[in-house]
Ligand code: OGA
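Below you will find one chain, with nothing else, as structure tokens; this is the form predicted on its own, and questions on how it binds or moves follow later.
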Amino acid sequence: MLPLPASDQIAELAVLNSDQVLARVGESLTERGWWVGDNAVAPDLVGELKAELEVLRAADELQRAGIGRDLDWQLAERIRRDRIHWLSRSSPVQMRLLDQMEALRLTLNRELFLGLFEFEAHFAHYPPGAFYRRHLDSFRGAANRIISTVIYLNEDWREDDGGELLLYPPEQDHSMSSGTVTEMTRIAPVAGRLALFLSEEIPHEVLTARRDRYSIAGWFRLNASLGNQIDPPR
């Protein structure tokens, strides 16, 4: 992964309180389609989130992740093998994170004029051998998921543990099946790290994990609703 500027070593989503960092977030999303900051989530919250995920895992509350939505949803283990649990306000630790991401949504709207409507997210567990092949988080022009987010919960992650997030240049998404694309950056799943990237523009994948890999995947969305129905549903 490209080295992070010293001023991007942020704490507890301090991007909310730093005009300088926020400006750099906007510039990075505009110019290259992604941004990464270390120590974006406080260590105690990282620990609590990981502990909650492990409790859900032990209780068999994680579901096999699929692809597509509604009638198009299907399991496809050749594409992804992670297990997930959607976040809600049913627990204090999930509520704490969702409150912070709501504050980030409002800040991004105010400073960058993005018109983001809401945030959704799920825990993700990649057991050893799990991966997620190259894909986009939203179809271009669908105007639902706009900014993808990943928060990492893995302590003492080593280079040979795998599980990196690979981002690819936007113009290469149409040739994703050719096997000839060049990666744009490689992001190790280090505890407290926050990655943001454009959902419709940045093809990406999760490399095979060689140990249990824990994260929270999320999306800031626009509202493409008709009447009282939010589109798209989870």
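Numbers follow the displayed sequence, beginning with 1. None of the values given here were measured: they were computed from a predicted structure.
Note that the form predicted together with N-oxalylglycine isn't included here; everything after this is about it.
Just one listed stretch, out of 146-154, 99-107, 85-93, 112-120, contacts N-oxalylglycine in the predicted complex at the 4.5 Å heavy atom level, and that stretch is 146-154. N-oxalylglycine in the predicted complex is not approached by residue 196, whose heavy atoms all lie more than 4.5 angstroms from it.
By the criterion of a heavy atom within 4.5 Å, residue 22 is excluded from the residues contacting N-oxalylglycine in the predicted complex.
For the chain shown alone, residue 81 is not a contact residue for N-oxalylglycine in the predicted complex, no non-hydrogen atom being within 4.5 angstroms. In the predicted complex, none of the heavy atoms of residue 131 sits within 4.5 Å of a heavy atom of N-oxalylglycine. In the predicted complex, N-oxalylglycine lies within 4.5 angstroms of at least one heavy atom of each of the following residues of 102-137: 122, 126, 132, 135, 137, in sequence order.
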